[in-house]
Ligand code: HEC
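Starting off, we have a lone chain in the form predicted on its own, written out as structure tokens.
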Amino acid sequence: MTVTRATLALAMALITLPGCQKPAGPPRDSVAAYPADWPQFGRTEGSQGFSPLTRINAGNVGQLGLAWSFDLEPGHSVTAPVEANGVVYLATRHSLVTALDAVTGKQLWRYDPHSPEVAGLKLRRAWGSRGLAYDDGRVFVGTMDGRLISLDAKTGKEAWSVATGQPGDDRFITGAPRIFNGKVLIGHGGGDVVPTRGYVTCYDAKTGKQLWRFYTVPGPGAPEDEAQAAAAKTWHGEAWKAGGGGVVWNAMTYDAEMNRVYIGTGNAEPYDRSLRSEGKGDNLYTAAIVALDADTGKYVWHYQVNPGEEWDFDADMDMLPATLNIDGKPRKVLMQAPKNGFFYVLDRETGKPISAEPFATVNWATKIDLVTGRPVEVDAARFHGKAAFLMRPTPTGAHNWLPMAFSPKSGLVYIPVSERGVKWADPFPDYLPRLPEGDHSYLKAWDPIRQKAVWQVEAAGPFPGGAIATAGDLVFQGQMDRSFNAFAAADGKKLWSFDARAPAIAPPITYEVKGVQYVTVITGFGASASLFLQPEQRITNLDYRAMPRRVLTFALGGKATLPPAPAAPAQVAAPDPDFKPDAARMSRGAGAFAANCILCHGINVVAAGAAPDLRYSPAVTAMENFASVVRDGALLARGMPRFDELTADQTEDIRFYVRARARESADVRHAGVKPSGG
């Protein structure tokens, strides 16, 4: 997620409150292919998140122990690693790629693309990398400045690098590239911030040559093809011609049986349809699943989960191809659990919906009409000019990018589900921190044929971790409470748990090297989701500087240990005897902070792991030090953006607001009251 106008509005409301080589035999996307490795996001081109390995199983998982760990640098660690030929590859912070020996954890090489130094304004939009990919001796990674890079898997040396955007645009890459048939597929982010026309691009994996590009929304000129001409009829007015949104920031899946690519697209931009399309039209192909010919990128079909979307209910969540026995007949299907809370089973030959039912609490629509394929919206959902609407799910979604998994063995889909509510009011949402029943989340086992939950287990906090399933009848998932767990695939019984010393919500992987099966997960927390953590949901020690960030790898009989969790960091504001209250400057500083700093440093300057908590930073007590970081970019290499457009007075307003929040926190503490964070 990036900073959006809606996010800014809700912040302003709150801030005033207190791999291996190609095998012969089966098709590459079958569960029999790559049995030992996990070479890309979701393991195979179909991204099912399922491993056929069985050495670790429901009968012996209790013997699982830590084989090795590797400490990571400070920064953002919610990323999916991959493994091929006995090497684990990961992209942390701003696409810093590290290669580790999968058996010992020894670092083999590291590659730094120096993205913060060249990303410019893009560095303010989001962080890091959600993952990378391996294929045929190469590692592929995208960067915040919009490059797609190919590295030699043995040495880490750059093989090629291409710019996926245009000079001066706002496109950046956080998603993992997808590999199929010697090709690399990549999308981009950026559609929420400035007018951006979304697209997905396919490159030759050997050379980096662009093979094709598909635009997810029509452009300002003559339509490039029939698909764009059809989409243009669903937009109105002129505003959309400047961009339109629909960015593919995560979801891309290859269908080996049909030689198709499926992409999930983001929300339209701007949020308000009255501004972007005169209040009418479906605005294709936003918030949709689009099927493309894998060789040419030509349009095949689309299914739009939210026509004319206005709530950030995009469809950039993982999509899983499978064959299910429905009504006594095998059906080739595509399954998705997008943000809007409905679980969709589509016919992947035609894109027509077979079934769709809520997998979480949904109150914006009563059902999905399977004849038209459209949601039956409640009147209050289109909130413009009406009373505020308390809506479920929220813009962060009932399911976000952290992946679900499908087990062909159990026939179940395992979904990380978040239950949250938000109040939408014209023109922007007024976010409600808690509902009467509170925010919570689950790991939910879902029967895609009967469209019913089989079991669910409560997860800690509002953001449940990514899940994988194995032929050993297991589901692995980590949680915000620092636990990394194995559940029985059939009934959800917890069979094993490990104290990871830090949140472990990143997608795990499992693989086999020399007859030993391993499970790897990356720990640490720091992403835009931390903006939505309320003070009572924040975990002790969830501190940017003190929180451990590690690669943890497990094997049967593993005997390695981790050091104890660090003590809660001292939260003491630096002495600031010169501070004097100033209501006008406080108000200006609050607005400037919300506009520039809140995504990383938190609502009311209460950080939640994405960046340091500025209330306790000594830098804020000295004008020169603060300005050197904020305006001059002294910490640019560490990922702190440069805000050189701010005037000296604006910078001082922000510093004043931070100092005031530090003083308030100190006053509460000295009065013997636990700080609420605002």
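The numbering used is simple: start at 1 and walk along the sequence shown. Everything numeric here is computed off the predicted structure, so don't read it as measured data.
Although it is not shown, the form predicted in complex with the ligand is what the next lines describe.
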For this session: Tell me whether 123, 614 and 635, taken together, all sit within 4.5 Å of the ligand in the predicted bound form, counting heavy atoms only.
Result: yes
Problem set entry | Partner proximity in the predicted bound form: residue 460 to the ligand, non-hydrogen atom cutoff 4.5 Å | no
For this session: Would you check, heavy atoms only and a 4.5 Å threshold, whether residue 610 touches the ligand in the predicted bound form?
Result: yes
For this session: Determine whether any heavy atom of residue 544 comes within 4.5 Å of a heavy atom of the ligand in the predicted bound form, and answer yes or no.
Result: yes
For this session: Answer with yes or no whether residue 643 is in contact with the ligand in the predicted bound form, where contact means some heavy atom within 4.5 Å.
Result: yes
Exercise. In the predicted bound form, which of the stretches 269 to 277, 590 to 598, 485 to 493, 286 to 294 has residues with heavy atoms within 4.5 Å of the ligand?
Worked result: 590 to 598
Seminar exercise, completed: Only hit among 64, 53, 619, 58 for heavy atom within 4.5 Å of the ligand in the predicted bound form is 619
